[in-house]
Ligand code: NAI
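Presented as structure tokens, the chain that follows is alone, the form predicted on its own.
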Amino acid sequence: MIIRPSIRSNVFLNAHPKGIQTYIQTLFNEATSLEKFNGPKNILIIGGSSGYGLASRVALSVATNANTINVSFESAPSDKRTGTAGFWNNVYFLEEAKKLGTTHIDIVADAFSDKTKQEVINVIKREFGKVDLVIYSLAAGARPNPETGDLIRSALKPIGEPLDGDTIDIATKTLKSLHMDAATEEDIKNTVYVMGGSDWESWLHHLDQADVLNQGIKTISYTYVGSGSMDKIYRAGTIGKAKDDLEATSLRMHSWLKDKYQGESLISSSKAVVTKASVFIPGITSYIACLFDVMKEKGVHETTLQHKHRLFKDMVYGELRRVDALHRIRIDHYEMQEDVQKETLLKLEQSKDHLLELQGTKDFIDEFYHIHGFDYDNVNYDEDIDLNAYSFDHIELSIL
């Protein structure tokens, strides 16, 4: 199979295994160059196949020599399909992590289901005994309702009024317009159900009842506060309601984790990064492009991996924690500096007619292709890839 980018409506329908291998090797090389520190030894990551979750897993595996279990719902390759980028991220993470001499296990399954939770508990008991850190970084567009059997879908929409903006058409590398209708009450409720904190809380209660949480347990999930210019679609939109629920859940869990384990539940507000969802949010691609340029000019830009490494080294397991009035860790403080925000918004206004010429826009597009395994100079994309030749027996990968 010759694997070229297959993109429909800004969604990559495929991934390139050898490109993903390069992507994962790049992350590990980057992590190796960063400072080691004392941190958790046994980690459960729910949603560690891409984005913040993957960056956290790589950073901690290298910097603290931690053992990890990752739970993610990804599609394996078949005769006609390449499998998802997240699946190959898991595969090549496990291959690279074998060099560390620690234990790393991937369970490909529905993280929302009680059956998966029980299987993970069994693995923890067998391999680790207990865990020191639980990272909840699940990015799902839908969640089954076990009581009704319905599949509940989230909706990325503004609340109150429709919203128009632009995004990058990834296939043609041009700008295109985006229109979003205002959310209904059902949209809001469904988005909170899928993307809020109830499943995170369910995981912690299952783990607590199974007695697999160590004293001093920490659990963390990720939110985004961001610039006021993004409020209409983000904090004031359906996803903002879900993040409100996530943050309230963390405060609720913190109370009993502290009482029972001398532990803590944390929320970290991350910086804006390139994700698979970025291109579906009106205006966010333009904002990120200008932000990247400004932060690089000021010498405060971080890759996603550097960002997560600093979070855990300085603010979760270090003495440099920054929190706001809502008890959120503000690792996004470089992005939110007054001068960075002022210059980003000015650049955004001045670049409307030539946004595609910005280095930040080019960097955004490059990274979007890279996270799917494409556009690497060292990969021969004319090579015929035999997906049936791949074997996964040599790594701890379980597909439920």
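These figures come from a predicted structure and were not determined experimentally. One rule holds for the numbers: they count along the sequence shown, beginning at 1.
Not pictured, yet referred to below: the form predicted in complex with this ligand.
- Taking a 4.5 Å heavy atom cutoff to this ligand in the predicted bound form, the contact residue among Arg235, Lys130, Lys276, Arg310 is Lys276.
- The partner is absent here; in the predicted bound form, the one residue of Glu247, Glu74, Glu96, Asp293 having a heavy atom within 4.5 Å of this ligand is Glu74.
- None of 159 to 167, 248 to 256, 294 to 302, 111 to 119 except one has non-hydrogen atoms within 4.5 angstroms of this ligand in the predicted bound form; the exception is 111 to 119.
- Proximity of Met315 to this ligand in the predicted bound form: non-hydrogen atoms within 4.5 Å are absent; the residue sits far from the partner.
- Contact check for Tyr261: no non-hydrogen atom falls within 4.5 Å of this ligand in the predicted bound form.
- At least one heavy atom of Ser49 is located within 4.5 Å of this ligand in the predicted bound form.
- Although the partner is absent from this view, Ser227 stays clear of this ligand in the predicted bound form, with no non-hydrogen atom inside 4.5 angstroms.
- Using a 4.5 Å heavy atom cutoff, none of Asn67, His104 and Val123 lies near this ligand in the predicted bound form.
- Heavy atoms closer than or equal to 4.5 Å to this ligand in the predicted bound form belong, across 206 to 227, to the residues Tyr222, Thr223, Tyr224, ordered by sequence position.
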